[in-house]
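The chain below stands alone and is given in structure tokens; this is the form predicted on its own.
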Amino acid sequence: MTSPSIRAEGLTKRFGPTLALDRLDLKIEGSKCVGFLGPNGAGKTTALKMFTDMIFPTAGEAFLNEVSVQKDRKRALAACGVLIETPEIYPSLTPTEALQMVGKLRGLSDAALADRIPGVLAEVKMGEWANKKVGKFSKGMKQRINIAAALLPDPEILLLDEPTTGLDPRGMAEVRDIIRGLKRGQRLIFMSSHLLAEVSDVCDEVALLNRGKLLFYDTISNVSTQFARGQRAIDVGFSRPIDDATLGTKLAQLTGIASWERMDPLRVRLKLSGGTDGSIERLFSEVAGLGVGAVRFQESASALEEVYMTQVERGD
């Protein structure tokens, strides 16, 4: 079985005199989550719409699993689940009924739908709401149903267009948690976002787009190391609250930490005095061994923010 892949080759789109996407060359392979980051108006949705044949490119070509979307749309999209913008669900339907409608439009049989619908509702943590009317759901709950619809065909590739837009903080956190769970399903997830913290929190790699141009594509760690000029930082999440005195005593045992600050009761940010990948790998092992319930360890959004602002301001 080959790894899922997404590729753009000279992908360009003009709307009259406006150049929305400028010769995008991008190749992503393997099961992971890639953030398609950029400010509003950068061309992210335009690119995703060309990957799904919703709009036609002015020039260039898009490929899913090395099948041209423009030349063989049906075969290219067969292994792809898509959530572009925010589709509305008929309020009188239940999630089960809404997914049955979407599944039939995608050509799934009744037997296949009966098998898949409970599973995708479980993936988006909506199983207990399967037979409730959608009209009474919050925006976050509706978005979870939209993600479930994208998962119906059990796709190898999942394209998500700013999936947390318009949600309150709780809804955003719920959707991000679901996306982290989807990463365990051996899928290639390509998710557009203009939120730095979201990309840093959820994604493994990042592609930065600005004014229709791709500025870079790499792992978040490599991007921070290569471009950031400030001090590197790591966010650590805990399974239970730790008081400052205890945490300070524990962290004092570690080398390579210049300082630390409390983000909330379950998170701290460690400012590193070093910066090499080797020191971060060692630090991960040491923090895990402190016995303080560390459950998450990731590059801080602050490092990515510096890269983002520097590169977008440069615009090249």
Partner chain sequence: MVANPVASSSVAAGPQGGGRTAIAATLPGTLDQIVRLTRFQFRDYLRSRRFILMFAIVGVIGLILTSVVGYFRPAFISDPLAFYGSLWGGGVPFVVVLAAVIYGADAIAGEFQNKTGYFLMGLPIRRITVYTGKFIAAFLASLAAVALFAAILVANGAYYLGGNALPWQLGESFILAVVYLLAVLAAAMMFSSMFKTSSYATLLVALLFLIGFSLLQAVVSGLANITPWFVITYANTIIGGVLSNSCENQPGMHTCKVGGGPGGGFSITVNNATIPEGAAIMIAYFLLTAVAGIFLFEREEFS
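So that the term is clear: the rigid core is the largest set of C-alpha atoms that superpose within 1.5 Å between two forms. Numbering follows the first chain given and starts at 1. This structure is a prediction, so every number in the text was calculated from the model and none was measured.
Quick note: we don't show the form predicted together with the partner chain, though the next part is all about it.
By the 4.5 Å heavy atom rule, the three marked residues A149, D154 and F216 all count as contacting the partner chain in the predicted bound form. Heavy atoms within 4.5 Å of the partner chain in the predicted bound form are found in exactly one of 122 to 130, 242 to 250, 166 to 174, 181 to 189, that being 181 to 189. I89 is the sole member of I89, M141, V236, V199 with a non-hydrogen atom within 4.5 Å of the partner chain in the predicted bound form.
With the partner omitted here, the residue from L254, L290, L26, V67 that has a non-hydrogen atom within 4.5 angstroms of the partner chain in the predicted bound form is L26.
Put simply, V82 is close to the partner chain in the predicted bound form: some heavy atom of it is within 4.5 Å. Interface membership of K32, defined by any non-hydrogen atom within 4.5 Å of the partner chain in the predicted bound form, is confirmed. Put simply, L77 is close to the partner chain in the predicted bound form: some heavy atom of it is within 4.5 Å. When contacts are judged by a 4.5 Å heavy atom cut-off, D53 counts as touching the partner chain in the predicted bound form. Annotation: Cα of L121 displaced by at least 2 Å between this form and the one not shown, core superposition.
Once both forms are fitted on their rigid core, the CA atom of E85 lies less than 2 Å apart between this form and the one not shown.
With the core superposed, R211 shows a C-alpha displacement below 2 Å between this form and the one not shown.
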